[in-house]
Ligand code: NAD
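Next up is one chain by itself, shown in structure tokens, the form predicted alone.
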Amino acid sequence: MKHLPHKTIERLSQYRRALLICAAKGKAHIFSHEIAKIQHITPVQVRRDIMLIGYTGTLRKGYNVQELIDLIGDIIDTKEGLNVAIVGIGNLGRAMINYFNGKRTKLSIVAAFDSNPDKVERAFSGVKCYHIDQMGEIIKNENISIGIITVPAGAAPEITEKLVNSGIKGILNFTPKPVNVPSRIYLEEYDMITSLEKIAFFVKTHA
């Protein structure tokens, strides 16, 4: 499963989110076209992704919702779970902590970092904020594997270097500033400005 395409992993996460909502509503089985409608993709893509992970449904009932949730969890999650840190407790950082709490049992935000003395030593939604200078110590002590960067763009390269030197294995960069990491670090970069401009382009062309 380690060779699954990156886009497939993204969609599996989205499928699980949709399936959890369906399960909460008491739905026991679901067809590929129902998942596709929720995710705004084709049923062929859904079936292809689910076949890649070795699962099949039935013609009469479709996929077993709970079985598929469990299988996706086995593929994406680690048994012991992973700890996450957020660097930058501005509006976005705080919003992420608030949103993330309780959403995933196998991923836990256990620490935050900032350089603002008004934020250091405070707790945000139960997550303690430490000074950036403590990053190496806290990441080691708390066994943190993933770092989320929500600092001003100009500070992103420095923060990335600090995270790498502290032993982080994966980074999610929410700033518009591209960063470089060693090949051993998995990097995901999300630029909200680019995403918004993409939407604006399609709105313009379909007006």
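Residue indices: 1-based, along the sequence shown. Just so it is clear, the model here is predicted, and its values are computed rather than measured.
Below: the form predicted in complex with the ligand, not depicted.
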Can you work out which of Q134, N83, N101, N116 has a heavy atom no more than 4.5 Å from the ligand in the model of the complex?
N116
T78 versus the ligand, in the model of the complex: is there a non-hydrogen atom within 4.5 Å?
no
Is the gap between G90 and the ligand in the model of the complex 4.5 Å or less for some heavy atom pair?
yes
Residue contact check: I159 to the ligand in the model of the complex, 4.5 Å heavy atom:
yes
My question is simply whether A155 lines the interface with the ligand in the model of the complex - judged by any non-hydrogen atom within 4.5 Å.
yes
Check all three, I138, S145 and G167, heavy atom within 4.5 Å of the ligand in the model of the complex:
no
Given the stretches 55-63, 36-44, 23-31, 168-176, which is the single one in contact with the ligand in the model of the complex, using a heavy atom cutoff of 4.5 Å?
168-176
